[in-house]
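This document starts with one chain, in the form predicted on its own, laid out as structure tokens.
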Amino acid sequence: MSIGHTLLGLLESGPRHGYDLKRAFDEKFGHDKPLHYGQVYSTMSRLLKNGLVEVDGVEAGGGPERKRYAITEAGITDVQQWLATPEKPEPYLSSTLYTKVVLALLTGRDAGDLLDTQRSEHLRMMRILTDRKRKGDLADQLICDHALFHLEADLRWLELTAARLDKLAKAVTEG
């Protein structure tokens, strides 16, 4: 995820302080991985330097001065371009799991056990996500669906690989 573009998008509704941006980000996108304050302020500093935001006001308080940031026209254009650019689909052609299966076969370990253990871990995570989805709001449900669909694809791969394990063992040990 592009933190900078996300913060810019949040600024389109109006100027905000860094603290407010962090809170809005965490509420909408950071359920599992909230932003650190340092990340917000370093990102805002970079956006300011690049002319994508401007300081809309400075307020003195009990601590350091609080800057209020506003998005510039260049920032709005940048967000628009980012939103219009499709994300590159990740084909997962370099899979740690595949590497583990092949190494297990090459070293005489039980790749079937590895696949069974991984299947159990995937199912455990799917139960957690399904429970979270059941209790969550629409945004949480959509995030969980995305993760669940990926885990389901992994499970299909685990089953297919288990069914072809003998052929794979031959291919990797003879090649």
Partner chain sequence: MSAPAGSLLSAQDLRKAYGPTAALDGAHFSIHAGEVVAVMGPSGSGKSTLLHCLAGIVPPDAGTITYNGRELSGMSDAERSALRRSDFGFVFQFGQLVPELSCVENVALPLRLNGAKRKEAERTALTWMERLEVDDLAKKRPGEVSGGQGQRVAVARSLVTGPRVLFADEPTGALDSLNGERVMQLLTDAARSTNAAVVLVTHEARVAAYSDREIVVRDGKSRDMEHVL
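From a predicted model like this one, the values you see are computed outputs, not experimental measurements. Numbering follows the first chain given and starts at 1.
One more form of this protein should be noted, the form predicted together with the partner chain, which is absent from this view; the next part is about it.
Heavy atoms of every residue among Asp116, Glu121 and Glu159 are located within 4.5 Å of the partner chain in the predicted complex. Shown alone here, Arg134 lies within 4.5 Å of the partner chain in the predicted complex, counting heavy atoms only. Although the partner is absent from this view, Asp26 stays clear of the partner chain in the predicted complex, with no non-hydrogen atom inside 4.5 angstroms. Interface residue remark: Arg109 is not counted as part of the site for the partner chain in the predicted complex, having no heavy atom within 4.5 Å. Among heavy atoms of Glu12, none comes within 4.5 Å of the partner chain in the predicted complex. In summary, the region of this chain contacting the partner chain in the predicted complex, judged by heavy atoms within 4.5 Å and restricted to 39 to 47, 123 to 131, 66 to 74, 26 to 34, corresponds to 123 to 131. Contact annotation for 137 to 169: residues with any non-hydrogen atom within 4.5 angstroms of the partner chain in the predicted complex are Asp145, Leu148, Phe149, Glu152, Leu155, Glu159, Ala162, listed in sequence order.
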